[in-house]
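Quick heads-up: it's one chain on its own, the form predicted on its own, in structure tokens.
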């Protein structure tokens, strides 16, 4: 009997090839253990509110009023909500054709796209056109939309940094394209070497792959590094010479934990480079309300800005967006609030600024606690988290541990992470889920657990790691990078 259309064996092969490690085997096992009553610390995904981060007050007040506009007619509304939150809710409701329950334009509300354009202009010092900004259900949807448009067949390649966020590998597989890895240098604090890029593109071409686009994640996920302006300039020159579109994943631009390398956008550097590059390199840049000090992952608000794309291509993007009718409207309002927050002199400014500062300063301290904690462990070495929300330590697994993993039918770092989960309840993601060099093993953990819990978590990790290394090696330590 022939298989039914939705039987596993008759599914689209691209769906089967698509793997998303952040919600993979480790996460599923952690969920099972949680159901059995074990306390699980989910550090597998950058999900700040799930780990105790409090929502910022002002945006929640505004969206609450937008969700329940009848509150605006209550004579006591001013007792519960500050005047600037009431004014902002009125401002956003006036942009809609029927409140939050009505579809918006497929590109997002024009007034909010204008606010995003003004934010980009303030940030970069160069004009931004609201017509080239599309609001999306989180940055991921925008990434998928652009990759869907670029990838035509399995001979179309996308240059992706390795280690990489598995959104890219999974989406490229789903759309039937070819991922072309370029390796970041761990010994150079996960720096990007243009020589590696040239080597990756020539190897791909020798296999008949046409490389059409390059992805950068800045600050890096899972690696946490911040690209310098000089590095971004080199990347843009490379894209110009090789005729590549650049997809700049900049969702962690507010998450910076050092002062030496501040965030600089690819758009700003591109505009500074002048003609012909500034008018030739095709750039798509992404941002979201899920990260930064907002952490509103469940709201699914994002945008992408298109630079140097033809009007015909922009029209095609509109057509693709229209298939989904409209990005969710509450998320669009969160995006408007993120790019246009309370200003000095506003009633809510002091509280908003204090809440934001407290979150960012705590994240900076947690980045340091976690890095130092990993580096105090046997056979573990970790670069400092300069930005984003993750630590990506290298675990020097002894040969006996690698053999034990093979006997168990597991990839070595999956084996280690499963043992860590069972012993401590700490749910991480193995480095193999992000890509890594042959014979090198990592894990990724967020820096998001509550600051007061961080010393206990790191002590628990150290105890497990010491016992694991004791079990699988007869002598102490390996040399560090």
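Since this is a predicted model, take the numbers as computed values, not measurements. Numbering follows the first chain given and starts at 1.
There is another form of this protein, the form predicted in complex with another copy of the chain, and it is not shown here; the text below is about that form.
Enquirer: Answer yes or no: in the model of the complex, does another copy of the chain come within 4.5 Å of a heavy atom in every one of 106, 170 and 325?
Expert: Result yes, every residue of the spot touches another copy of the chain.
Enquirer: Within 4.5 Å of another copy of the chain in the model of the complex, counting heavy atoms only, one of 78-86, 184-192, 335-343, 371-379 shows up; tell me which.
Expert: Result of the contact check: 78-86.
Enquirer: Which one, 348, 282, 178, 394, lies within 4.5 Å of another copy of the chain in the model of the complex by heavy atoms?
Expert: Contact check passes for 282.
Enquirer: So another copy of the chain isn't shown here. In the model of the complex, which residue out of 408, 149, 360, 353 has a non-hydrogen atom within 4.5 Å of it?
Expert: Only one listed residue qualifies here, and that residue is 149.
Enquirer: State yes or no: in the model of the complex, is some non-hydrogen atom of residue 310 no more than 4.5 angstroms from a non-hydrogen atom of another copy of the chain?
Expert: Although another copy of the chain is absent here, residue 310 would touch it in the model of the complex, with heavy atoms inside 4.5 Å.
Enquirer: Indicate whether residue 258 is a 4.5 Å heavy atom neighbour of another copy of the chain in the model of the complex.
Expert: No.
Enquirer: Against another copy of the chain in the model of the complex, would residue 140 count as a contact residue? Criterion: heavy atoms within 4.5 Å.
Expert: So residue 140 counts as contacting another copy of the chain.
Enquirer: Taking heavy atoms and a 4.5 Å cut-off, does residue 174 contact another copy of the chain in the model of the complex?
Expert: Yes, residue 174 sits close enough to another copy of the chain in the model of the complex that at least one of its heavy atoms falls within 4.5 Å.
Enquirer: Would you give me the residues of 56-86 that have any heavy atom within 4.5 Å of another copy of the chain in the model of the complex, in order from first to last?
Expert: Contacts from 56-86: 57, 60, 61, 63, 64, 66, 67, 68, 69, 70, 71, 74, 76, 77, 79, 80, 81.
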